[in-house]
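In the structure tokens that follow, a single protein chain appears in two forms: structure 1, then structure 2.
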Structure 1
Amino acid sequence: MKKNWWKFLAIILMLYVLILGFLMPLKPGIISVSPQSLNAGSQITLKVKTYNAKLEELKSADFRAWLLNDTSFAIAASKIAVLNAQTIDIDFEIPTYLTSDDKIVDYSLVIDAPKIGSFVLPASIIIKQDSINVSKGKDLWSKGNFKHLNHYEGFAIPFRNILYETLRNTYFHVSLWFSMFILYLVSVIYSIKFLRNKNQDFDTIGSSLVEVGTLFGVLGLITGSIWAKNTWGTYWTTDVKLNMAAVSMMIYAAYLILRSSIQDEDRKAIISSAYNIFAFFIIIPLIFVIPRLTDSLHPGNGGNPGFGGEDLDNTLRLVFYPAIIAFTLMGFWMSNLIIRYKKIKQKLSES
């Protein structure tokens, strides 16, 4: 009981991740706006499709909305009407002049209401102007009174365009890759230990960790593939990060083939440990170096190949970090079971 505290921790953290990960709501957001291109000096009604904005609980009078391209230049909506649970109609009177000397300027739409806070669809609306007068435009656009914004009440994960609810996959897809790498790292340490003092137990531990790590890697590929289908529209692309991940899975699949092809136990242990160490040093450039050299669709360009610093929100971290720990502990637990199975099998074959 005392020895197995970490298994209980794994179960508790896993339940925490599953419950909080799936139940924590998304913050409100704007899915689409139509029309998207307007003319300066016209009066227009924007049809706005929102997500999670709790429109049935709030009245039309609660809402405020702005069009802005900088927090200092904004115009307020003249009339707002809630149509149904998802859509709002927002009326704007677009001034004759814009704040820039370009013919076409893009503006963001911001909606604000008590309880649900403010939310924005950046650079969503394009306004065309025929005549240019920047100073008059700045004057006209500064009447928006863009202040006293509300905040969201309660816990919610951020609303991201295109991703929407699939953002929750961060807890599974990314954590699986993290814990896979931790498992591989520990297995390399055990392989080195084995080569140093030839204790067969160390090889059993190392190979079991690789087996579970490869399972996690394959699950990481599958979750990523499903995520890609929902956001990029395809299960697989020729993206460098996807391909390098697939190749590293092939390398470890070759490890499993190598193990099953050698009959002699001692020789199998030595050769597969050597291969495991060698493979790990090739995985490092595959996953951490090459993706940084080329462009990629996958998040995290220029920095960490997994994701960028801005992609994680504090509410996401609240579940994401425990998820890494939970998956890693689960991995160790699974490999523990494999180790025991292998030891029993060995004892049976000896007797």
Structure 2
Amino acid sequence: MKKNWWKFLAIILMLYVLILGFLMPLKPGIISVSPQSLNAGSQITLKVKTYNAKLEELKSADFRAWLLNDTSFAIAASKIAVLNAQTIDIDFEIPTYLTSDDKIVDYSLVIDAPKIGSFVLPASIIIKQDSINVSKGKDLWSKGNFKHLNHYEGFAIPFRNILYETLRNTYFHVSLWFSMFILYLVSVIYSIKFLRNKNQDFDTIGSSLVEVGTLFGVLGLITGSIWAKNTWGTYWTTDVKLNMAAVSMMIYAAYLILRSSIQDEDRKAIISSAYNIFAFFIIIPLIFVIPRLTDSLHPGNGGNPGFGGEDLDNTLRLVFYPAIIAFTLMGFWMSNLIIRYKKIKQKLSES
């Protein structure tokens, strides 16, 4: 029992990840605003569609809203009307002049209310001005005062436009790849040990770790493709990050084919161990270096920011890090079962 504590930990963490990962609600957010193009000096009513805001539980008087430019200048809404659980009308009186000398300026919409907190749709409104007078514009636009914004009451993961509920895939897609690299790294250590000591057990351990790591990599590709379909509209693109990930899996698929094609056990172990070491150091630049040198849709590459700061906030970390540990422990558990199977098979073949 004491030897298997890590297996019980893996089960507990995986249940924790599944339950909390799927049941934790998303914070309220703004899905869309209409119209998106406004003219300076006009009065306009914005129809705003929200997500998971439960607006009907609050009164119109509880809401505040602003059009914000560069966190420096803002105008407050003149009137707010709740239409239904997720839709709200917001009236604005747009000043004649803007605070910029550009003809067209992007503004963000900020909504704030008790319980549901404050949420923003960045660069959601385009305001056009025919005449430019920056000094008058700064007089007309009051400086934004956001020191007393409400906070969301409850425990929820952040709302991110486009991603919506698919943000939960962070717990699985990203965690699987983290675990895959850990399994591959440990397999490389055992491959080096085998080449130094020629202990067949080291090769068995290394190859088993590669097999499970490759399975996790394939699952990572599948979960990534599902995520891409929901966010990019297609299961696969010509994106360099995706293609390099696919190439990496092909490299390890070749490893598995190589092992199955060599009959002599000693020769198989030596060649595959050497291949495994080189394969690991090849996929590092394929996945982490090359995608950063060119444009990429994938977060964290080609100037496209990855998860960090508010994207990977504390509520996400409460599930994300345990997910990495859970998948890694599961990977070692699966590898352990494969190792035992191989040893039993070897004994049976020798008897």
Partner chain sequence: MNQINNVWHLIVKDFNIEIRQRYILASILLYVISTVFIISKILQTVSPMLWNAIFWILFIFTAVNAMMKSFNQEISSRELYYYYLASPVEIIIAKFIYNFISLIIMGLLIFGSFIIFINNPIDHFAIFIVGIILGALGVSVVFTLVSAIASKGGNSATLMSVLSIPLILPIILFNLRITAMGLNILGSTTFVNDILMLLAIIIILVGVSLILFPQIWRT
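Residue 1 is the first residue of structure 1, and the numbers go on in sequence order from there. A quick note: this is a predicted structure, and the numbers were derived from the prediction, not measured. What we label the rigid core is the largest C-alpha set whose atoms superpose within 1.5 Å from one form to the other.
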**Fill in**
Form predicted alone: structure 2
**Message:** Superposing on the rigid core, I want to see if I271 changes position between structures 1 and 2 - specifically a Cα shift of 2 Å or more.
**Reply:** yes
**Core-aligned C-alpha movement of T166 between structures 1 and 2, 2 Å or more** = no
**Yes/no, K128 Cα shift of 2 Å or more between structures 1 and 2 with rigid core fixed** = no
**Request:** Determine, in Å, the CA shift of N199 between structures 1 and 2 after the rigid core is used for superposition.
**Result:** 2.5
